[in-house]
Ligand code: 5GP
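This document starts with one chain, in the form predicted on its own, laid out as C-alpha cells.
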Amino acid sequence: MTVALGEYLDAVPDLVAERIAGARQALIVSHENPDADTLGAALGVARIIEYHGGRATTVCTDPVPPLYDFLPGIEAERTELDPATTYDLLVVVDCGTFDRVGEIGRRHAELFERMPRVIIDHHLSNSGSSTPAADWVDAGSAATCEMVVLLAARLGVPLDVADGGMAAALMAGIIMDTSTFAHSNVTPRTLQVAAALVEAGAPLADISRRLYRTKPDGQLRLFGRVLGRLQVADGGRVVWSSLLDSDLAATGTSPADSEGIIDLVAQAEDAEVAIIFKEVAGATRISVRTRPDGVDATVLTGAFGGGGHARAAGATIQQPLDAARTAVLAEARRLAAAVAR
C-alpha cells in the first residue's frame, strides 16, 4: 500500500516550490555544529534539485561529525563554497536564526545577502527574513526533514531516488529530532511521513541504532565525566552539569561527541529545566530541555540571545562558563518556580 501525503502538500509555499524546482546551481547551507536534521534536510533538498535538472552544493561551517558518516551523499559536504561555481539560489535549512549558519555566512555575507533565498526551518524562534514569501517556517513540524519530504512530494520527486539514499537521510533527521518518535513533537503527519520514508527504503531500525544506541568508548567516558558532576537545585526542579574542555582532552573526544548528553540529564525525575553548559572558545554554549506544560525553553534561552523549540533550545553566551552559569541558573530557577504541577 502506498502511503499518501497529498493532504499535507498545501503546506509548501508556492514560491518555495518554484525556486527549488527552478534552481540550476543551488547553495544549500546547514547550521554550524551540524546534526542529523540539518544535514539530512540539506541532502534531501540537494536530491530534489538534482531530480529537476539542477546542481547543488551542500556546505556547513563545521566538518560533519563522524556519527553522520553513514548518511548517503554526505561525503560531498563542503566547509567552503566552490569558487568555480556561480550560484543562483541560497537555501538555508534548519537554522532558527540566520546567525546559526556560522562563520561561513560571515565570510560570504555580501553574496548571501544578494542571492535569491529560500528558508526551510521548524524552529519556533525563526522570525523569517525580509522576503517572507520565500520562507517556510513550520514550528509544528517535528523536524525540518519532515518538511523536506513534503517538498519532495509536492514537486513530484519519488522518495526512493538515489537508491533510497534521500529517504535514509531524511529519516535520520526525523529520528534525531523526535528521539526515535518519543518526543511530544510527533504528530500524525510525522508518522505518515516516516511511514512513506520506510516504504521508500529508509532503514528505520538501523538509523535509530546508529544515532541512539551506538557510542564509541570515548563518548561513553565523556558522558560519565559530565554526569559525575550533575547538580540540582530547588528540590530537583533545575538540574545541570558542565562539559569542560578538559573533559574532551581527557577522553580523546570532540565537541560533536557531546551530542545526546542533555537528553540523559533531562531524564531527571523532578526536573522542570535541564541544562548542559559547554565551554566554547571563551564563550559558553547552553543546551536546554524542559518538561511538557512547563517552562518554555525558548523563553529561557531567548533571554540570552538563543532560541529553538518550547521543549528543546540553546544559546551561545559571550561569557566564561562560571559567569554564564550563574546568570542562566538564576533565570532557570525563576521560571521553574512559576510552574505549578
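Residue positions are given as counts along the sequence shown, with the first one as 1. A quick note: this is a predicted structure, and the numbers were derived from the prediction, not measured.
Although not depicted, the form predicted in complex with this ligand is the subject of the following passage.
> Only one of 61 to 69, 22 to 30, 46 to 54, 281 to 289 has heavy atoms within 4.5 Å of this ligand in the model of the complex; I'd like to know which.
That would be 281 to 289.
> Decide whether residue 97 counts as a contact residue for this ligand in the model of the complex under a heavy atom distance cut-off of 4.5 Å.
Yes, residue 97 is a contact residue.
> Within a 4.5 Å heavy atom cut-off, is residue 308 in contact with this ligand in the model of the complex?
Contact check for residue 308: yes, within 4.5 Å of this ligand in the model of the complex.
> Taking the shortest heavy atom distance, is residue 313 within 4.5 Å of this ligand in the model of the complex?
The answer is yes: residue 313 has a heavy atom within 4.5 Å of this ligand.
> According to a 4.5 angstroms non-hydrogen atom cut-off, is residue 247 in contact with this ligand in the model of the complex?
Contact with this ligand, no.
> Which listed residue (77, 135, 259, 138) meets the criterion of a heavy atom within 4.5 Å of this ligand in the model of the complex?
Exactly one listed residue reaches within 4.5 Å, namely 259.
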